[in-house]
Ligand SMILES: Nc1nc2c(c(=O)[nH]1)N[C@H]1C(S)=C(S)[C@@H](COP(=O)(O)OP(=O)(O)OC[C@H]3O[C@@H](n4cnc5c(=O)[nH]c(N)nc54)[C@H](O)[C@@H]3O)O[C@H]1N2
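As structure tokens, one chain now follows by itself in the form predicted on its own.
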Amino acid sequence: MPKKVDTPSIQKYNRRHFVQISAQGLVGVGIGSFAVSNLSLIGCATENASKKVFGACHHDCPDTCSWEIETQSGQVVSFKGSPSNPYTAGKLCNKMDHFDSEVVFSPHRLLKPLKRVGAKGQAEFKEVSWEEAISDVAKRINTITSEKGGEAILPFSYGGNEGMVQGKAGRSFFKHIGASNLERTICGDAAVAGIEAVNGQSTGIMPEDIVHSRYIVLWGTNTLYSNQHLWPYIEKARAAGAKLVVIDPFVSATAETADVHIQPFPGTDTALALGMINIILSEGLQDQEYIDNYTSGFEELKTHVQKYTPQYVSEITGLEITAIEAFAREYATSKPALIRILIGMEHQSNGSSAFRTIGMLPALTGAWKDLGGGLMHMAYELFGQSLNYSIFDLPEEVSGKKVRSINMVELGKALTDKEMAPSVDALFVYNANPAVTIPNQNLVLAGLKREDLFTVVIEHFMTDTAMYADYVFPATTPFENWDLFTSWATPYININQPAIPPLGAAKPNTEFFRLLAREMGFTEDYLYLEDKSIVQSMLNSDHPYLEGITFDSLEKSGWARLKVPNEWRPHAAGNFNTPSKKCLLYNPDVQPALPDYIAVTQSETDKKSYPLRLLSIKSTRYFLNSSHANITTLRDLEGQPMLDIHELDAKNYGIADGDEVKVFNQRGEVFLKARIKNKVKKGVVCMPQGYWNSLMPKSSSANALTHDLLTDMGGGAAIQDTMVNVMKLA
């Protein structure tokens, strides 16, 4: 049956509406008073005939699942994964199985603009019209920019929507007004910086080719939860005789299924990889012909790794010498051997160094020569090469503006630094929930509480960040807008067609910025690009990867695989994307020229006060970062967040399984229950990220403990170097 909707009359919102679970019916679909400026935004979804449209998941995930939506008389009658895409194969993840009812038609979805009427953080709002809200926002921005300049404005967006249209919305607007530049580097950039320092690119082999591998190393990735559609290909390889090795300081669901689980201390991956190189070279297991032809800096590296003896690496990593030696030998002698890396190990001070070192291994062993051998990492560069991005080009006087950059990891500092000139006086948040996801949470919240900070949030729900907003604007979902989805880990591209008109007064992110630009009197064409036109223009490319892939073809199929070769071996004969076309084992343009393991240091006082290493990881099965953590059914399935602690540490603290504990350090405290299943080593504790502060005891979640220190390269967040203490609660 079609999903029925009605329109509740709600005049004022408060915290209770958003934190507690109401028994309201489904939210209304009345068209808002501020009309959408162009019908191409929504398509012709009100026709009486049945129709099917294609789309894809908008989340920050390596899989980017294709889906299909069927409607009748403007109502959704079917939502499912697209069975024609061979990679995602008709299966959505358990976070998205009921996206239609849990998000699109949720009774808690925001459908009208809201204006704050209470204290910041209390979520007391009243409904207002789009006209009133946009007019006030424009006036406030004009006042701030005239008094302090555009740099007093900070946009904050990230991976809550990965679309080329809605995900990149507002970029031209903020360039136009000269706003501060946001360095969106919290996740992925440290890894990419490390791999690029060696290979000049992050793209490796394609995911389907893992079926040819016979020795698979999953390093820093919980594939079963975070890369689910790769798993069937891994199982196919194992059925053909592949051995699966998982390297993870936490006993994840993936680690439990592995043939071998290697469990180093957190943050010691660089030392482990350098130790592998030591063993491979000292025992003559390298592919010297490949090294001589396609690498540079071999002698410098050979000298450098001599200190990383198995004994030394064992002391650093906590691994047995025999385990380190066996792993290095098996990896070097197994053919084809593949290392799959994602972002699990980048969130440490040695983050980029770990990726640099691991990036050298396939070149040293010649693994790149074999189908199914080498390194599997990103794929976004394929789209960067093939799509037509010229529609986003700005005039030199706009694109060339010199403005300051603010790293998103350091948002709390930026919002509270009284010496910063100009101060950040306006914050625009969309596709993000920084009150939950950004390190040093309490400093971020202190900034959001500033009465003189004008905050605008574009959202589907009353998130923890939206509670601090002056205005909250309702955003459309992918069911209601055009978009184009690339993938950062596969060669598949998806079109996203609107299936229904925007619900209530919700509007696409792009429309918000068009309306704001118009209200501010801007006339430049680049501020008014239409969503459908952006999709069409980006696909207007003659690059070989897009051969036969057009807007019209995607409208008919929904998805396509880029025309990259099947059984692709990008570095079988070198061809690295470096000036010399060689793998740079020694890179004088990067400091240091060779990767090294640098131990995290603590003062003697901190060692005594905070003796435990905290892992705060993406271990949830039913959330993605902070997305879906407000959905009651998914929270119930996920269960309460737990603190994993080793049995010897638990004994030392007098903690039993299931006890209520407080985890704390100089930045904050988090309250949860202890779990003693030896999923971590002694001296390490672990809790999941993604739970909303407002839904946790005493409104505090994992990032209340993490610091905002940056990684060695790439500007990432070194959150896994956080130290804490634990206390049993009476």
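Counting begins at 1, following the sequence as shown. Just so you know, these numbers come straight off a predicted model, no measurement behind them.
What comes next is about the form predicted in complex with this ligand, which is not displayed.
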| request: Have a look at 599-607, 181-189, 412-420, 394-402 and name the one stretch with heavy atoms inside 4.5 Å of this ligand in the predicted complex. | output: 181-189
| Has each of N433, S626 and N703 got a heavy atom lying within 4.5 angstroms of this ligand in the predicted complex? | yes
| task | Report the residue, out of H304, R569, R621, R214, that has at least one non-hydrogen atom within 4.5 angstroms of this ligand in the predicted complex. | result | R621
| Only one of N85, T455, T317, T221 has a non-hydrogen atom within 4.5 angstroms of this ligand in the predicted complex; which is it? | T221
| message | Quick check on M345: any heavy atom within 4.5 Å of this ligand in the predicted complex? | response | yes
| field | in the predicted complex, I617 touching this ligand (heavy atom, 4.5 Å) | value | yes
| Though only this chain appears here, would I719 touch this ligand in the predicted complex if you measure heavy atom gaps against 4.5 Å? | yes
| request: Examine F250 and determine whether its closest non-hydrogen atom to this ligand in the predicted complex is within 4.5 angstroms. | output: yes
| said: Only counting heavy atoms and a 4.5 Å limit, does any residue of 135-162 reach this ligand in the predicted complex, and if so which ones? | reply: Y158, G159, G160, N161
